[in-house]
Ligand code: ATP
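A single chain, nothing else alongside it, follows as structure tokens in the form predicted on its own.
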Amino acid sequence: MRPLAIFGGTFDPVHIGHLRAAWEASEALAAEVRLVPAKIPPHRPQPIASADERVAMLRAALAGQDRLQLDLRELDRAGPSYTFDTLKSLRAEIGGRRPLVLMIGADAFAGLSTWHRWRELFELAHVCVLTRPAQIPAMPDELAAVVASRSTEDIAELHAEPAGRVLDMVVSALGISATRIRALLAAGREPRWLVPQALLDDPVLLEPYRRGSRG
């Protein structure tokens, strides 16, 4: 079965680094990929832009292609946006046989052992760790011990089984930061070539980050 892969985040704002990593992983995995914006991220500051504003940016960024789709289940759910709850919801939706893949950046993966019900994530999905060239994620011993028995270099294993494998995937090292983009906008500068052109074409979309937009 064709895997379903999800790529979560605040997308505050969505930028070229997000989209390129998701695109490359989609091609390599031959997977359906959904971007899942978080409502209340448990491990990072709350987004500056509202949920509606971030959805509008994502819709504009994803227009004109059908490889990457938008999934709003975390925005529709009350409480913290725990990945365990999202994967459990998706597993109930797609059944027990179809491969489910959690795509996650290497830095975030290194902190996985602090996540809500993190050990159970491997029972629900594979994990695809998106790394940059020459980047080796440092893992605490507890996480490294779990990964050791689940690691694979063979994408075919993610197609053959519904969950449980960990795959490292090297993606383009664009080094684009949402924090830097917000700083540029707050300073009245234009983040051209860092965000999708569709966000620049509609001045309303990036307004949450401009100087004075929050009083």
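Sequential numbering from 1, following the sequence displayed. Values in this document were obtained by computation on a predicted structure and should not be read as measured data.
There is another form of this protein, the form predicted in complex with adenosine-5'-triphosphate (ATP), and it is not shown here; the text below is about that form.
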Selected contact from 73, 132, 88, 119, since only one has a non-hydrogen atom within 4.5 angstroms of adenosine-5'-triphosphate (ATP) in the model of the complex: 132
Answer with one of 65, 50, 149, 179: the residue that has a non-hydrogen atom within 4.5 Å of adenosine-5'-triphosphate (ATP) in the model of the complex. 179
Look up in the model of the complex whether residue 174 has a non-hydrogen atom within 4.5 angstroms of adenosine-5'-triphosphate (ATP), and give yes or no. yes
Does residue 94 reach adenosine-5'-triphosphate (ATP) in the model of the complex if we count a contact as any heavy atom within 4.5 Å? no
adenosine-5'-triphosphate (ATP) contact at residue 3 in the model of the complex, heavy atom, 4.5 Å: no
So in the model of the complex, is adenosine-5'-triphosphate (ATP) close enough to residue 107 to count as touching (4.5 Å, heavy atoms)? yes
Residue stretch of 141-149, 119-127, 80-88, 98-106 approaching adenosine-5'-triphosphate (ATP) in the model of the complex, non-hydrogen atom distance within 4.5 Å: 98-106
Taking adenosine-5'-triphosphate (ATP) in the model of the complex, which residues of 1-35 have any heavy atom within 4.5 Å of it? 7, 8, 9, 10, 11, 15, 17, 18, 21
